[in-house]
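Okay, so here's just one chain, in structure tokens, the form predicted alone.
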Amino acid sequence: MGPLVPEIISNEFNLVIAFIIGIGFGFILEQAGFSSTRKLAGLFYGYDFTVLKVFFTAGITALIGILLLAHLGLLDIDLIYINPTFLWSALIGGVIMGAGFIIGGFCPGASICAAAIGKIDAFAFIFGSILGIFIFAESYPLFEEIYKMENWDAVRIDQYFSISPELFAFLITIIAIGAFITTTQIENRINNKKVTFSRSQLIKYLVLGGIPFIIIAILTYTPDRQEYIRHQISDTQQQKKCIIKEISSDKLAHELINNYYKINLIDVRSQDAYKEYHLPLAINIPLDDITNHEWKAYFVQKYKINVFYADKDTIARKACLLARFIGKSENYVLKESPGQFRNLFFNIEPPSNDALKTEFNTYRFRVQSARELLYLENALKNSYNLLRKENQK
């Protein structure tokens, strides 16, 4: 269920849904004729291109679906695992699989589909597949050099040719439609069929064929979720409408010491600025990285408050607005800058002898707080390192 887990669908229920979808997928394959060796082998003899059409349709649907989910901010394409490309092993393996497809009349997935309805030849094909896997695994050292030749690593075609994902989807859709038309003509010629289409059928096919292009056009010419959010937070009118909660340095120090487990203190400056100096217990999420998927958990949770700070108040406020668009966490902005916080707690000057009692109390509070914050940060860091060493053992 990809982007819907775990925010909408739990990890446990995800397996149940996957099981149900798997059954439905197998049923559709069987109904489409993928349990028939004659229909599957027809791809190579030219009298039935159902397999090619189904695969192209599935690919186009998945491609546009992924782009649409990414456009809506529900899926991070960069997190999708891509199998590394080993060119020679892919070519040789493709030839072997193609030969097996023609001889046996099944591909691996279709053989499982056919076995589910009790076809004996499908069980024989599955046995042969398992035997082939076993032989390859046991003799892998002999094939390892060939297997790893021309390692292109994880490569995407759109990135390889430096084109946008939308343009790639557009080109693949054109290729798919061209393949549908060409293969249909080949089928009709081999099967001696003369097919004519009525006006209503032509309109239906044009509408169905136009849907992918309409979606691709929308994805190309409308801002995606991140662009929309950034436009909103840069809009002065939107900033004025949004009331941002602030927290003082003294209040923050008190809460960190007593309830540090309820606060995410977030430094939205650059990594270099964070390394030079940061508030105790703070984590670094630069402003430009807040919308990245890896930080989403901080902004969709409801159990901790997020406190943002930066050298400039406007930067911290933008971070707070971004967090509000991303999730439903409770967000605050530190009134003071990190430099002011350091001067208040770590570079504080003792009050003069004739100072008021409140000034002495504030001084003692800040000195004690600075000591406790450093102690707390070191204690948590040491416990984390100890836990990491235990896990590594």
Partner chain sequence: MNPYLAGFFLGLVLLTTIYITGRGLGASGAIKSVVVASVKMAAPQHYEDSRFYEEYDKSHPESPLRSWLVFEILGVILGAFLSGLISDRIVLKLEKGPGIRNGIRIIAAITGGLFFGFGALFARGCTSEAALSGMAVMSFGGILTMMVIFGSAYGLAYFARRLWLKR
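Positions refer to the first chain, counted from 1. Please read all numbers here as calculations on a predicted model, not as lab measurements. In this text, rigid core is short for the largest set of C-alphas that superpose within 1.5 Å between two forms.
Unshown form predicted in complex with the partner chain; subsequent notes refer to it.
Listed stretches are 312-320, 69-77, 219-227, 285-293; the contact stretch with the partner chain in the predicted complex is 69-77, by a heavy atom cutoff of 4.5 Å. Although the partner is absent here, Y140 is a contact residue: one of its heavy atoms lies within 4.5 angstroms of the partner chain in the predicted complex.
Using a 4.5 Å cutoff between non-hydrogen atoms, N83 counts as a contact of the partner chain in the predicted complex.
The partner chain in the predicted complex comes within 4.5 Å of no heavy atom belonging to H278. Proximity of Y303 to the partner chain in the predicted complex falls outside the 4.5 Å heavy atom cutoff. Highlighted residues A297, P338 and L380: none comes within 4.5 Å of the partner chain in the predicted complex, counting any heavy atom. For the partner-free chain shown, K53, V54, F55, F56, T57, A58, G59, I60, T61, A62, L63, G65, I66, L67, L69 of 52-72 come within 4.5 angstroms of the partner chain in the predicted complex, judged by any non-hydrogen atom. Fitting the two forms on the rigid core leaves the C-alpha of A18 displaced by at least 2 angstroms between the shown form and the other one.
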